[in-house]
Structures are given as structure tokens and as C-alpha cells.
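First comes one chain, alone, set out as C-alpha cells in the form predicted on its own.
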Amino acid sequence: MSFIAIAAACLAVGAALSLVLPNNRSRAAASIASQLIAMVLVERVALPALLHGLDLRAVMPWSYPSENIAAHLDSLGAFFLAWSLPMTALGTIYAVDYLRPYEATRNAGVQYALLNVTALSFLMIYTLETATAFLLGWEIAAVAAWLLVIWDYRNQRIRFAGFNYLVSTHVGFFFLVAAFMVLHSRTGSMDFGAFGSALRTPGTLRNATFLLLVTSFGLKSAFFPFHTWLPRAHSAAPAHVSALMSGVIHKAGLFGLLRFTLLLGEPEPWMGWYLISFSALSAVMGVLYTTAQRDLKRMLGYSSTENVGIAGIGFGLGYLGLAWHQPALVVLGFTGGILHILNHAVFKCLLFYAAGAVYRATHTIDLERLGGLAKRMPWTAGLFLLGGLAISALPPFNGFVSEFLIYAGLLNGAVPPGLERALLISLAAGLAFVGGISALATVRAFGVTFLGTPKDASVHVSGDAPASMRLSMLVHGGGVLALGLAPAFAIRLVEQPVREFAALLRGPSVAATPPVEVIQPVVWAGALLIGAVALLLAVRWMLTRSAPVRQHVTWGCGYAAPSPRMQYTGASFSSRFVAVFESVLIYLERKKLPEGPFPEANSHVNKHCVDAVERRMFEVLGEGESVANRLYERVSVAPTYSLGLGLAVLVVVISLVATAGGIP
């Protein structure tokens, strides 16, 4: 554990240097160098723990509010640490060229320092098991992410997005504090080990704590309907911040869910069904919104809500496996869910980096204005397509591997016959529906942005992504291929964490089929398909390499004078599909129609898909203020209402304290 302490000190020094050095280049160098050193130190500890299941513990004396701070690195924490720090370092490298246009006018040192602080918070969250220290790391990550989002604070839209994120993350923080207070009232300790003894005792307290924890971690990871901060923050933040928030930072919520699942022990079946329902709703609603967004980064933000839902379905399946004593469901559910966290981080960072390259080159990410970028930005186009294929869960890319394992669990013969099996088979069909819509959203985003011809003459393309941005995208693209083409390697990375969950099974159990054997036939089929395509391309090249190149005008389908306005836009591409879900996807329309037989004024029609949850929430808040005012007026003038309200609050407080064991 001493290596992790040294890494934390190194990150702190790098953050300080980023603030005090004289120019942006030296600040970037200090940040990157300190992160790379910290990464090597952490991997020195995390990789053995991840691959061999080592369990490292340390206790640091502390004075207040707890006597000691417990540090614990098991394979689950090592799994998250193993890729969080390298991805943060890649994001910092990406930022060097992304922020270069602001080099003369802005001090980027704050950005680099905050990226170091974010990496430091990962060390705290993934290793500390004293509640107060854990909450401190949780809060540091939240505030650092907020400051990163509002870097361009002079824009009011960005300030509002940051405020929205800050409020949401602190609402989640309050739920987490409430859960810890309940556990402390039962155990008299702030140590996670003591929490485990309380959480494993069935009863109302356990159920209530589970709901508090799921709500808090759901807010952190942007599950539906707690997701409203996510698309706004991703749209407003710099591209490398959006990538790290979606790929790395908000994964802390999923880590918290998994960590407390280990403390929970054997769950009850309703917990598994609750988690599956919560996650399935998130996956469906998240992917529906991806089809209606005209902002490329906002679309990717909704896609994150979809993908945490897919990972949550895997966890829910693992919960059911533990409750039903079915090792096959435990292994397939947790393997698929945990691996999907890593896969999502890899391809989502790639997609955000590509979107950032588009913004840097064109100064817009509005799908209605983009088009024909593939010829001007071939590297970005190719890598965006690679990430899009992975997020659509198409073989042989990494998104397919994790989703296939979840499918294998949902359709596994270990599921009890009857209603349970019918529900999980229906869920598999729903997951296929989500995959289909995700593919539609990917085709729409790639086709409208990179294919065709430019739509807006005012959009000028400065060129493809510079070196540091391209390097980060290439590394993530390599990760997409490596995890997809070598699923045995990918599954090996999550094997030890999954063993920790399988160890929660009580009583005799039947050995489960290893996930590698489940997916291996599909991998072989994919390899044969790739080989066949490569062979056909090679034969075609050999037959046509000496033939003269013939050039023709593209067939215009009868149009004698095609123009860029005849192309599909983002809205027209998905309009037929969106019309089916018009009761869910709310549009705001602003229009000025032509008037008179010879209209002189310009006319326009603008439609924006708005978030239904956010819109309803603000409506309720607006009405809620008037309701509160009316209630306050009645309470202040009528003593009867004041007395009744006071008694009601007193009864609730006494009930909570008595239930938590606070009264002997």
C-alpha cells in the first residue's frame, strides 16, 4: 500500500506544479509526468491484486472523526484502479492539443491540476474503507468534476449545466450520508467491515439501507430517472472532461454498488428484480433519447445512461443468481456487468474524443450543420466508426463480448422455470431492442456527420485531429479491438473480482461453465467471418490492381441539380422512428412561418428534443414553490396546523431512531 501513498503524493505535487509553473506547456508536462509516475506505482500494486486475487490491507492512525482510517485493496478495487489512472492520463494528453487554441488567452493550469486531483480521488474511493475518508474522496471527485465542467464559465449555458451537475451529485451525496448514518447507528463504527455485519442481517433496516445506497449510486452513475445532469454536463464540458466523466468518473457509482453488494452478502430476490427493473428502464429510456438529439455530445451522454443500465442488468442477474443459489447466473451476470463497465469506458472515451476533434475542427457539434467530414478528417471518421460499432454491440468489437455474456445469463437453463424464466427471456428481447436502437443512433450520428457533403457553408474545417488527440483516440481504438478480438484476455481481467461475488454463495453449489467457454464458439465464428472478408478483399485487390481506374458521376436518382439541402439531416433521419415514441420524447418547437403570397421576412422551424424528466421536474418545482407558500401561510396563522406538523415530524424522527436501534 505504500506505493499507493507515494502515488497520491506524486499526484498532489503534480497538481501544485500545474498551478504555479509559468506557462501552459510546462503545466501540462508537470501534470502528465506526475500522472504517469503515479500510474506506474499504482499498477505495480493493482495488477498483482487483480490477476492473482491478492488482498492488501493497511490502517493509518487518525485523530478525528475516527481513530483510524482503513485502506483495503482487493481485486475489485484493483480492477477499477487498473484502468482509471491510465485513462485519466490519456485524457490529460488529449487536452494538450485540444486546449492549444486557448493557449494565448487562458491559463490551462487549473485544468491540469484538477485532472490530477481527479486521479487522486480515485485512489481514495477505490482503496479507503472508512466512511468519512470514503466520503471525502467522493466529494473531491464531485467538486473537481464540477470545476472541470465550468472551465468556460463565461457562457451562461455552461454555468447552468455545472450547477445542475453540482445539485444532482450532492443530492446523491446526502442519500449516501443517510445510509452511512443508519449503519453507524446500528454498528457504532464507521468502518465498512462493521457495516457488513449490519447489512447481512435481514430486516427493514437492511432493505431501507439498500434502497438508499442504490439511489445514491444511481444518481452518481446517471441511471434513469436520475440522469438529467449528464447530457447537459457532457454537452457543456471540454471533450476530454466529457470523456473522463462518462468513461471513468461516474463509474465510481457502479463501484460503490459492487462494493456494498459484497458487504450485503446474499441478497433477497426482490433486490435483484428491483435492480433489473431500474436498469432496464435506464437502458431503454437512455437509448431512445440518443435517436432524437442534434447535439453530438449530448447524444453520447444519453448513451451513457443506456450503458450503465446494461451493466446494471448484469448485476441484477448476479443478484438473482446469489438469491437462487445458481453459480452460472452469478458468474455470467457479474462477468458481463463488470466487463461492460470497462468496455463502455474504452469505447465511450473514444467517441467523446472523436466528437471533440470534430468540435475543434469545425467549432460545432450540431448534427444539422455537419456533413461530409470523412474526407477532411479521415482519422477521426475511422475511429468514430470503430467506437460506434463497439457501442452497438456488433461482433467482433468489445461491446459485443460483455453484452453476449449477459444474454447468455438471461437465457441460461439455470433460471427457474415459470414466471422467472418468462420475465428474463422478455428482458433478453428488450436488450436486443436496445441494441437495435443503439445501432440506429450510431448510423445516424456517423452518416450525418461524416458522410455526404457539407451542409452549412459557414462551417469551415481546419483539419484532422492533432498528434496528442490522435494518440489518445488510437490507444482507445486499440483497446476496442483487443478486448473484442481476445475475449479470453478481457474475461481474465474480471475473473478475480467475479470470484469475490461467487464466494458469497452459501451451501453446496454446482460448478458453473467458465464464461470463456460460453463465448468461444461465437469468437471462432467471428474470426472466420473476418478471415473470409479479408480473403475476398485480397482477391479483389489482386484481380483489379492492374485494371485502369474508371471515374463516373454518382448516380443522382433523377435529380439534375442536387444540393446539400437534399441530404438527410439528423432530424429527418430518425423522424419516422421518433414519431412512434412521441409520447415519451418531448419536442419543443419554435417557428416563424411565411406570411402572404410574397413573404419578405425570413421564416424558420426549429425543433429540439427536451428531457421529459427534467422538464417535469422543473414544472413540479415551479408548482411546488406556490404549494409551499400556501402551506406556510396556513401554518403560520393556524396553531392547529403547526402543532400537527410538529407532532408528525417528531413521530417520524422517533420511528427512524428506534428502528435503527438508537433507543435501548
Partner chain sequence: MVIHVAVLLGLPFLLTGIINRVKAIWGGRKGPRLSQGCFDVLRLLRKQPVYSSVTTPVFKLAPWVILASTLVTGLFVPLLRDTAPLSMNWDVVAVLYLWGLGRVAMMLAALDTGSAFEGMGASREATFGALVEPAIFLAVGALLATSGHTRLAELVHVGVMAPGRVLAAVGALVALALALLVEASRVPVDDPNTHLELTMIHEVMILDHSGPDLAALQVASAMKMTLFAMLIAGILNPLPASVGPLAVAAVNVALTLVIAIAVGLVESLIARLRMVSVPQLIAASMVAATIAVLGTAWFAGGAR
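Everything numeric in this text was worked out from a predicted model, so none of it was measured. Residue numbers count along the first chain shown, from 1.
Unshown form predicted in complex with the partner chain; subsequent notes refer to it.
Chemist: Within 4.5 Å of the partner chain in the predicted complex - does that hold for a heavy atom of every one of 63, 143 and 168?
Modeler: No, none of the three is in contact.
Chemist: Out of the stretches listed (258-266, 396-404, 241-249, 342-350), which one is close to the partner chain in the predicted complex, meaning heavy atoms within 4.5 Å?
Modeler: Looking at the other structure, the answer is 396-404.
Chemist: Is it the case that residue 492, even though its partner is missing from this view, gets within 4.5 Å of the partner chain in the predicted complex, heavy atoms only?
Modeler: Taking the distances in the predicted complex, the answer for residue 492 is no, it never comes within 4.5 Å of the partner chain.
Chemist: Are any of the heavy atoms in residue 379 no more than 4.5 Å from a heavy atom of the partner chain in the predicted complex?
Modeler: Answer no; every heavy atom of residue 379 is more than 4.5 Å from the partner chain in the predicted complex.
Chemist: Do residue 573 and the partner chain come within 4.5 Å of each other in the predicted complex, heavy atoms counted?
Modeler: Yes, residue 573 is a contact residue.
Chemist: Please run the contact check for residue 506 against the partner chain in the predicted complex: heavy atoms, 4.5 angstroms, yes or no?
Modeler: Contact check for residue 506: no, nothing within 4.5 Å of the partner chain in the predicted complex.
Chemist: Heavy atom within 4.5 Å of the partner chain in the predicted complex: which of 278, 446, 192, 180?
Modeler: Of 278, 446, 192, 180, the residue with a heavy atom within 4.5 Å of the partner chain in the predicted complex is 446.
Chemist: Would you kindly say which of 466, 327, 196, 436 lies with a heavy atom within 4.5 Å of the partner chain in the predicted complex?
Modeler: Exactly one residue meets the criterion: 436.
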